[in-house]
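Two forms of the same protein chain are encoded below as structure tokens; each is given separately, as structure 1 and structure 2.
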Structure 1
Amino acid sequence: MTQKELIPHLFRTEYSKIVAVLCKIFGLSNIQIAEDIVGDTFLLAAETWGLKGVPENQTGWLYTVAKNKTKDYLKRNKLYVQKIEPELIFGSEKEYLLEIDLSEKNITDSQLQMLFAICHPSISPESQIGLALRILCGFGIDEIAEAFLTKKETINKRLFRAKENLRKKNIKIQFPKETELLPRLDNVLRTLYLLFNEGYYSAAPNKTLRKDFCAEAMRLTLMLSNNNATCKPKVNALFSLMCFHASRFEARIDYNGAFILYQDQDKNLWDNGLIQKGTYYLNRSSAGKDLSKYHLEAAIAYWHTQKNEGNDKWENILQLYNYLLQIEYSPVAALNRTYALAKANGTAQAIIEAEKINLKDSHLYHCLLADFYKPNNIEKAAAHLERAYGLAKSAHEKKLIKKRLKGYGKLSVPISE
């Protein structure tokens, strides 16, 4: 790793750890102080290492500097701390002498507690994701903006509001009480699920960034799985789901950063290591009676990793979608269920059911129907593709639909570039 890459790499891995530990000292309402101290630490690293060379133990260097900066800050602000911010945990003189604990265990504990704090039900889901990306994963504002396809100012404003909220609601960095753990865990899992999807389904062209989002969501989920109090079946189910999805990461994105459909993917690019890992965690998730939507989605994803089309693959996927839709309806699940229905029960039945689904404004719905009609009624298939073309939003999707239409030999309506 060159020096140019080294600091951004360390920033990604260490920033969030130090911030989490310092936040426990300053309180969540003073998160900005913690962020500033760690930011200054990295700035100093960039300056010093460039002049004097990179130290042997870089992490140790960062921890020491961050500790000293924290102690300096507390000393400098003694008066302010005592008079104005009495809620600060470290207020009195002798506590400056206390060790700031940057041990592995304390870092993990702090990050887990921070995860619960950020995913507090009183914070909006959108803000939770933003805060998680910034504070728990150490992504830069410009990176978050790029993934969300929005401006830096928008992300800054969103984070500012979210931090204001943390302050106003006086949310503490601590583990929820045992009685509250399960409902709070549900909230955390939903945010991690969204965080993963943000990377997995993002339309942003930067593939590395999208992969990093997924990797961070997986790291945090694994952290929950490795902790005795939070290692619940649905945590393992979610992690399994993420492994199965991630196993197709390379196969589903082409060199332009555009998505490749499942049936067109090069199966040799699927990551077997991740598939095995996913299977291991899927087995672990079957402990107990709990059957969450993550279990069903993980099982569906498991069947998608099976290269063999036989063995009741699509029948199993269909039944899993039947259950999933009973737990939680979503348009995507409804469309996928109809696809599985066609594979398992035949296209004739799938067409009847597809006509009943009220998703006529979705281009994916019309693409699906075009697929169903293509073998026997090419006119109708082409008509659906034309509607899909009109409804598709991205240029890439429009291009794909047009390519399919050309394949039909039908181009009845003039389609402009």
Structure 2
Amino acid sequence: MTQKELIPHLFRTEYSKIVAVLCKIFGLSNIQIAEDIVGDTFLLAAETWGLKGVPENQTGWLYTVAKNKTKDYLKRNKLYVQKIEPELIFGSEKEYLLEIDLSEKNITDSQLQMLFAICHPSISPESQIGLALRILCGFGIDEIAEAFLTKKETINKRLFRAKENLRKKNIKIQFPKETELLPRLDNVLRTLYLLFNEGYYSAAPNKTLRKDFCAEAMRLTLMLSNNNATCKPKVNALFSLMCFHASRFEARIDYNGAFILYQDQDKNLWDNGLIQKGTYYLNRSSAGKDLSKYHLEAAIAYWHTQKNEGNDKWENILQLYNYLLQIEYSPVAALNRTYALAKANGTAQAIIEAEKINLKDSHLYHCLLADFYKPNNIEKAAAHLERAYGLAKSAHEKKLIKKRLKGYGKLSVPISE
């Protein structure tokens, strides 16, 4: 890794860790102070390492500088004198004994506590994801703006409002009480689920898949699973689901970054290690009587990683979708169910069910109907693909749809570029 690549890499991996620890000292109401100190730390790294060379232990260097900058700030700032100093001074000579704990355990605990804080019910789901990406995953404002298809100014205002909400509500960086843990955990899992989906179904114009978003969602979910207080069946089910989806990453995108349909994927590219890990956590999730949407979606994803295309596979997926829609209906899940229905019972029934779903503004809806119609009505299939082309946001998706249209032989559907 070159020096030019090193600092952005360390920013991604270490920024959120140091911010989480410092926020426990300053409190969420002063989160900007923590972010400024860590930002200054990386700025100094860029300047110093460019002149004197990269230290052998880069992470240790960053932690030491961050500690020193924090101590300097606390000693010279009124906040230290008025609120923090009385709790930190010991002995007649008022010796400063502040110790900033950047041990692996405290970093993990701080990040989990921060996760619960930013997923407080008073914060909108959209802002929760933005805060998670910025504070817990170390993503830049530009990247977050691209993910949400909006301007940097909009993201900055959204994050500012969310931080103000955290301050006004006086939300603490701590684990919820045992009686509050499960409801709050549901909020956390929803945020991580949405964060993973933001990467898996990227809305960014030139990115079909954002593996970095998915990887961060998996990292945070695994932290929950590894913690005794939060290792619940639905946590393991969600991590299992992420593993199964991640196992098909390499087969899902071609060398140009274009999306590859499930039926066209090279199964040899599926990651067997991740499939085995997903199976392990799916088995762990079966403890107790809890059955969540994450359990059912993980089971569906499991069957999608099975290479055997027998009827039992699709019948099992179909029944799982039936259960899922009873627990939590969504038009997207209902649409996905019609694909399993087509595989198990044929396209005629699938077309009837798909056309009942109100997703006419979704390019995926029209792509799926095109597949269903193609064997018997190629003109109607092409019309749905043309509509899908107009609705698709990603350049890669448009390219794939146009390629499918060209594969319809003599039929020509003009599409303006």
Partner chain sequence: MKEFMMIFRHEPNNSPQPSPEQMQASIKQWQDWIGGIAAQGKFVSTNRLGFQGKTLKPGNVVTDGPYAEVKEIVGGYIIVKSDAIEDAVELATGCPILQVGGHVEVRDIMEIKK
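For residue numbers, the reference is structure 1: its sequence is counted from 1. Source: prediction; values computed, not measured. Heads up, when I say rigid core I mean the largest set of C-alphas that superpose within 1.5 Å between the two forms.
Where the criterion is the form predicted on its own, structure 2 meets it and its counterpart does not.
With the core superposed, G53 shows a C-alpha displacement below 2 Å between structure 1 and structure 2. A displacement of less than 2 angstroms separates the C-alpha positions of R12 between structure 1 and structure 2, with the rigid core held in common. After superposition on the rigid core, the Cα atom of L391 is displaced by 2 Å or more between structure 1 and structure 2. Relative to the superposed core, I401 moves its CA by 5.0 Å between structure 1 and structure 2.
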